[in-house]
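So this one's two forms of a single chain, laid out as structure tokens and tagged structure 1 and structure 2.
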Structure 1
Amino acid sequence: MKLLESLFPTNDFSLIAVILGMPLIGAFVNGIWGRRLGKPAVRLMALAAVGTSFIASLIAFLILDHAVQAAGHGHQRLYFTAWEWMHTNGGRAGSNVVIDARFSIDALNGVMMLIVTGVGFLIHLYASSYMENDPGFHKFFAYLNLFIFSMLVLILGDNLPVLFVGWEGVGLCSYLLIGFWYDHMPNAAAGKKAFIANRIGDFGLICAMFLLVHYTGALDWTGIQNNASILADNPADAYQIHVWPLGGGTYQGFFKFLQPAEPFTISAATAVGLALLLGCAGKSAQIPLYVWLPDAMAGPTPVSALIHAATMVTAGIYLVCRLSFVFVLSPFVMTVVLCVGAATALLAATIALVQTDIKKVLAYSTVSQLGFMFMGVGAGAFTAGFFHVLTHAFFKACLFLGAGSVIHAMHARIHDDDKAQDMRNMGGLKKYMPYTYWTFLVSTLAIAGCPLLSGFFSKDEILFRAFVNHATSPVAAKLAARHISVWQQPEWIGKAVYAVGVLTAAMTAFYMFRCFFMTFHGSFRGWAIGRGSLLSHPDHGDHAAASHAGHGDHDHGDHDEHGDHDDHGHHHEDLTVPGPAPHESPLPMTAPLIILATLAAVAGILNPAPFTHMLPLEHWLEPVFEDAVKVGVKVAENAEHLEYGLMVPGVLAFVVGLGLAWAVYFKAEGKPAKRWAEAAPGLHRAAYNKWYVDEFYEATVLSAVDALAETAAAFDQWFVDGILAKLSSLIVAALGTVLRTLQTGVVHVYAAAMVVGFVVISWFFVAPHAQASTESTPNGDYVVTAAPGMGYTYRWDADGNGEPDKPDFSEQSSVKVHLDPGKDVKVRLEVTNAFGRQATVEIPLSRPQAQNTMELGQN
């Protein structure tokens, strides 16, 4: 420990640079030289990069822990300033806004860092086998490493702009990875969808940043925290924001109701909180921006695991936790977070109930679980919400990787993605894939909330907290004295959310076990399995390389075989012909499964809330959240006694969900489900089609955007292209046609033109040009200057008497004439040139009558 601390002094904690730098180097090397390095080197580079990062994270965590121990109770941060970035003098709060490329580790992001690098490493390991046969192997790992790097920047950044760099980075990487098989249209579309949905959220985050720097004069965590109270405390009217929801225009007649008499007045805290919530909803797939996440499973399965479980989607929860002290200032925002979380959890769970694609079930399950996490943080139980992030990372990563393993096996015969992922084609895989089966079972139990597994503890804590916690405004009393009323959270909301949560938990147990039973139990429905084909399997190592070369996971194998992507749709084999049995995945894929399943099982001991008061995670995170919780969260008085009582519905939800799934999908092999679907076909279809939310967006927002785009395109086509471009090109072309006739290529025509030109120019020089320009000054002096010419001499008649002033021509090229007001004169100029030819011009000069006597007097 001493050695470590001497190596990495805590006042300038450069170990963070190692944690961040390794994945970046990995991405760089694999991205630039990956194609030439070959697969083993790429694999080594990628795994070593994340592995080193994980080891460095562990060391950093130990040092942080030691620092916390040494300092006693308190919020410890280890800082590392990479470089000075931006400074401004004099923010609104009179402070200097300092934005450096600065990173820090504290209790919250220390844990997060371990999850990202640890689970990230396992997913890398898994992917190194899973993506074995993909031609874009090196590209994939470059993206994956870059993803880890971006995520680490996001969580380790010490201020919002640095966080935003990582925030955009994961957005970019998710776009690249979801659309990894970009030559397949739906994948590219899914990548685009994720990107755009995230951009909407990012708009919120940017607004929040502007508001924060405007009101608190700081963007780093400590600075915001120190000044946060100002957001709600309303020391001046400037800290209140007036909002006209539908614009400040005047509506007439029927539409008058759209125009409120008064604008809504919200506090700065509410504005900041809502803007932040929009950002978090985008990243963490909450209503209304959740639509990208289910589509994000179009990417390779390890990517789904990485995005869904360990990294990107939890960024929103992380940010809410990070800025918990801002959120708690506004009970309204807390309530919105709570309700959005509950609604998302329920909606996604209903969709997951009827999906048949194994990855889609998991994807909606992720959205639902993220809703749970939002419920937790919305209830002010930031530790509980974050604990669910932690446990979810383990079991959801395990589930996704397990699903990948199953799909990998299904690809032995079924090369069509949709069919290979369809649970109706699976069944009975327990026999063939024991490792996948058992790890999947453990994770399913964990996510369903089986008592004593990790998911039970985290979910139970969230539900309990939602019931007993109550968000209050910390400054309500103060503001009441100044006659400013604050919106307060009604008592019943927590109870309602609790009920929704329990219902969702039961649905979670049901759809997860439905997925489990359909995949692993019953009889295999994929294809006929040949006699003895189990025995004829070569061992796994050879297997992946030999008989399986070309269909590792997706259609990417078909690139090798056919070189033509469209081909794979026609590549159906006759599934009634007996084929080899599905097989277990190779070791690099099963090892992460086992580790993750173990973690999913035991992670609960970090915070086994109902059973003991030894709560390591809560204790560890307490300094981060204590200020926020102290000011903004009121806990019901009899909470302690309610704890066990409230646990019962949670456990019941698990039992009911499991029991129902067992009865329907294990006992009756799904027949009742078919009957139900037939009994209510509309309902089933609506749920299966995700309640038509995508179609709703299509019809409203997207059609409006499309209409705008079409108008713009028509304008471009008709006006810009048609008139501006075509017309001007037509003019130039016509001019060209005329000039082209002059270009005969015949020497004589050119010579004749030359002669004509010569004659014209000669004539110009031979003929004299009498021209003059006049300058005047206000006092009546006029200077007439003759234009110069070759061999010109001049004779002037300046006094206008008709006789030349001097009898001879001279070099004098200008004359000066003085005129009194109201007088005029005709100056005559005679010019003779070198050939003795003469020309004459008369220049009339006149001075206007003076307007007043003052001017006269001056003259």
Structure 2
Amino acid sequence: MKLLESLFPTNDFSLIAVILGMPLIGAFVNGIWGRRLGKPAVRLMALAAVGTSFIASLIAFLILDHAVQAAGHGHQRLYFTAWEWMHTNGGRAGSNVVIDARFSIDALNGVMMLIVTGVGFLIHLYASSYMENDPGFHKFFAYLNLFIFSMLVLILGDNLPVLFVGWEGVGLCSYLLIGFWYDHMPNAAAGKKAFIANRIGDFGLICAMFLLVHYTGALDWTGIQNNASILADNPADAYQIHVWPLGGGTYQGFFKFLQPAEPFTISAATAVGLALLLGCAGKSAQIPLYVWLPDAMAGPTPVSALIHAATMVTAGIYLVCRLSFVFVLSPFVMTVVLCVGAATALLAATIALVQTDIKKVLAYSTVSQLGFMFMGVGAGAFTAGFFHVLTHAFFKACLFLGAGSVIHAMHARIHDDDKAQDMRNMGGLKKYMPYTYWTFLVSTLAIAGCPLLSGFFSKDEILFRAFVNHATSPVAAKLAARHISVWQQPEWIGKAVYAVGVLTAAMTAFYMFRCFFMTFHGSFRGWAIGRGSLLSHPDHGDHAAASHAGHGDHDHGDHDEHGDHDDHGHHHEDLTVPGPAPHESPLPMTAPLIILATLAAVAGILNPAPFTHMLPLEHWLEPVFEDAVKVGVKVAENAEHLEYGLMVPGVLAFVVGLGLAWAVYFKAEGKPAKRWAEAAPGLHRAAYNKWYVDEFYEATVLSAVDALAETAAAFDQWFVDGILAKLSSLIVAALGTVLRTLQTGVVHVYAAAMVVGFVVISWFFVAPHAQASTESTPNGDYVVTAAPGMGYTYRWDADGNGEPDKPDFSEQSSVKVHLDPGKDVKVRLEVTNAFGRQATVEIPLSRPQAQNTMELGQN
């Protein structure tokens, strides 16, 4: 360890460059030379890049742990500055804002980098077999390596601009990977949808960066944290943001009805928090920007696993955790985070209940679980929310890869893209795919909240903290002493969110076991589906075996010849030949499933509350969150006595969800569900169609954008091109014609033109010009200053009574006028010049009524 610490000192921790650089090198090599290298070399390059990055991450984590142990229990960071990026002046104090390409590792992103590189490596290994016959093999792994690199930049960046580079990088890579098979229109549309939805969230993050540099004068984590208190603690008007009227302006005349009795203001902390939340909601698929994530499953299944489990969607949760010290400054923002998470979790769960596409069920499950994570961080339980990120990475990656394994086997039999993913065509796969079955079962138990598995511990901790935690303003008492009120979170909100969370947990158990029973139990329904079934022997089992034998041993390469909705390289198949019976995936695909399922089962030991007070993860992350929790989160009295009691509804939710799914889909083979759907067809259809949210966006937002685009196009076509361009060309042509008539070559005509021009210019200088400018002060004083000129003298009528203040002209070029609120006057200025010519102008002055500024920080 000493050797490593001497090689990589904490303030120049160049091992970060290895962690970041390897995936980038892999992307570069495979992207440039992949086609010539061949698939074995591409596979080796991609796996070696991410594997080396994981090993380096593990070493860095051990060094960090040693540094923490050596320094005692404290917040330690390992820094690496790649290069100086830029400097700028910012903030109200005009401080120098240093923005370097600087990276750091601390307790929070140290765990994140292990998740990204570790789970990312397993997904790479799985994909190396899954995508083996795809013609874009090298391109796929170039994108996949670039995705890992971008995510590492995002989490290891030591300031917001560097994080934003990674933030945009994962957005670009998601667009490339979701639309990887871009010749299929739905895939290309899904890629565009993800890209555009994330750009909306990015706007919020950009606004947050501007606000932070304006108010705190810093963009790095340490600088923001040191100056964050001023966002909520400064009652000066400059630290209030006028939500209405915009910018604190005043509406007069026809628009006076828009003027509120009192302006509505929010604190800078609330503005920054809401802007950050918009960015996080876009990246982590929360209401109203969640719609892109379910469509993201259009990409290959390894991409879905990578996006849904280990990388992109966790970025929003990570950012909330990273800037927890900003979020806790505003109880209003914390409440919004809490409620958005609860609403998203419930809405997505209701949609997942009735979906029949196995990947759609998992996609809406991801949205719902992300809602749980937001509930955790919104309740101020940042460790619990982050713990769910960790456990979710294991069981959701395993579930998606397991679904990919199932789809792969189904398509080999059915030869149909959509039907191969439809759970109604599955069933009975347990006996054909034992490894996939057992790993899928473990992960299903984990996400459903089975006691003692990882999902139980993380979800139960979120529910418990939602009930007992209460967001509170750290400066409420201080501002109250100045008669400034601050919005506080009602205590009932946490209890309501707890109830929603328990209901959603029951739904989760139901739809996940519905998916499990429909896929692996009962009779295999795939014999009668697809073109291959037309030639199938009535004895499906024997025929399947014969068919299977006819295909040889059917290793993974053989499967690839049968096509797959998830595998673009499988489309050159003979659809007249019956497909083989489903069978297990090869070792490179099942090994990641086994590892991930094991982690999903045992990861709860990292934070096994409430059974023990030995909480390694909470102890590890405590230095990161302790300041935020201390100042912005209040825990109910005797909360520890409520922990076991509050655990009971969570366990019951699992039992009820599992029992209902077993009764409906295992024992009764789905017949009760059909009767329920027939009894309430409208409700079932609405849930199946995702509550028509996409249609609503199509009819409102997208239609409005289309209309705006069409209007702009028509304006460009008819006004800019049709009128301005043609009119200007006509004017130029006419002027050219006139000028050509003047270019006669006759000298005396030119002399006459010069004389006329001289007269016009002379007249301009001889005539006086009465012009003035006005400056005002807040106390109602207005200073009117006349413009200077050759030999000018002035005479004023400052009180507007129609009589000059002095009878004679003088050199007094300015006059001062005081107005009471709501008064106006017309100042009259007379000017004479050296030629005795005179000009007059009236300058109207008006002072608005006095405004009563609202007290600071209602939020």
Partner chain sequence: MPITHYLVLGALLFTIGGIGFLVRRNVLVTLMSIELMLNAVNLTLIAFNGAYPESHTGQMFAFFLIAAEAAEVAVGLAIVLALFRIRRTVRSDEADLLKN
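In this text, all values refer to a predicted model and were calculated from it rather than measured experimentally. We call the rigid core the largest set of C-alpha positions that still match within 1.5 Å between the two forms. Each residue is numbered by where it sits in the sequence of structure 1, with counting from 1.
Visitor: Between the pair I just shared, point out the form predicted together with its partner chain.
Guide: Of the two forms shown, it is structure 1 that corresponds to the form predicted together with its partner chain, while structure 2 does not.
Visitor: Using the core for the fit, does the CA position of R740 change by 2 Å or more between the two structures?
Guide: Yes.
Visitor: Compare the position of the CA of V486 between the two structures after a rigid core fit and state whether the shift reaches 2 Å.
Guide: No, because once the rigid core is superposed, the C-alpha of V486 moves less than 2 Å between the two structures.
Visitor: Any CA movement of 2 Å or more for E842 between the two structures, core superposed?
Guide: Where the cores coincide, E842 still shows a C-alpha shift between the two structures that is 2 Å or more.
Visitor: How much does the C-alpha of P768 shift between the two structures, in angstrom, given a rigid core superposition?
Guide: It moves 46.3 Å at the C-alpha.
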